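Just one chain follows, in the form predicted on its own, and it is written as structure tokens.
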């Protein structure tokens, strides 16, 4: 089971949209895939049309009240969601009196290791909370999501430093990759930003850049991934290319070392 954590220290970069559609693309490639909504705003849960109600959610899993298997929602055969609710924010407050709260997610995922090939985690838009710490600690790879907009490169450098510091403090060798989103190749500004990102991050950059797409925003609003309604859409092809890169870059040795550290 390979765990990919999607993160940034700010919102509005396309992180949730990327999490949903990357997971759908991995599923389309034949991988058993789990999406984890680790954001108290529950945008990934809403973007997948999931209503939690009184059923168990990620909060109960992190508290250790129920096993992760009991909170899973199957979206289609081979792809499931571990949903969030607004109450997930309570875990940040409870963490101040808990023992090693940043390890809760990793421990909860262990029993699922034989059930999924890929886990895609959508983090909150902040880097300093215990929820993000859980996702980073559990990851085999951290994927920094950066929009190709104004001040994007400066923000990306700062976010990269933050997450690198988190991993270094844990003595972790988990790699950080960078993905450009909301790319409009018609504008010189966006092209210049993308060139700057490649110059700064080099091999850490994915070759794929997710292009701006109204259809992607509409898909999230409708609660259904674009691949399920328009598999031949341009945006669907972007995520298929990204999924191919992800499958080629995740290292088996890193996967093993992550679970040994948990």
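Numbering follows the first chain given and starts at 1. These figures come from a predicted structure and were not determined experimentally.
What follows is about the form predicted in complex with a small molecule, which we do not show.
For the three residues 10, 41 and 216, verify that every one has a non-hydrogen atom within 4.5 Å of the small molecule in the predicted complex; reply yes or no. Heavy-atom distance to the small molecule in the predicted complex: all three under 4.5 Å.
Of 64 to 72, 216 to 224, 200 to 208, 28 to 36, which is the one stretch near the small molecule in the predicted complex, taking non-hydrogen atoms within 4.5 angstroms as near? In the other structure, the partner sits against 216 to 224.
From the list 130, 178, 182, 162, which entry has a heavy atom within 4.5 Å of the small molecule in the predicted complex? Contact residue from the list: 182.
Please pick, from 155, 149, 101, 125, the one residue with any non-hydrogen atom lying within 4.5 angstroms of the small molecule in the predicted complex. It is 125 that has a heavy atom within 4.5 Å of the partner.
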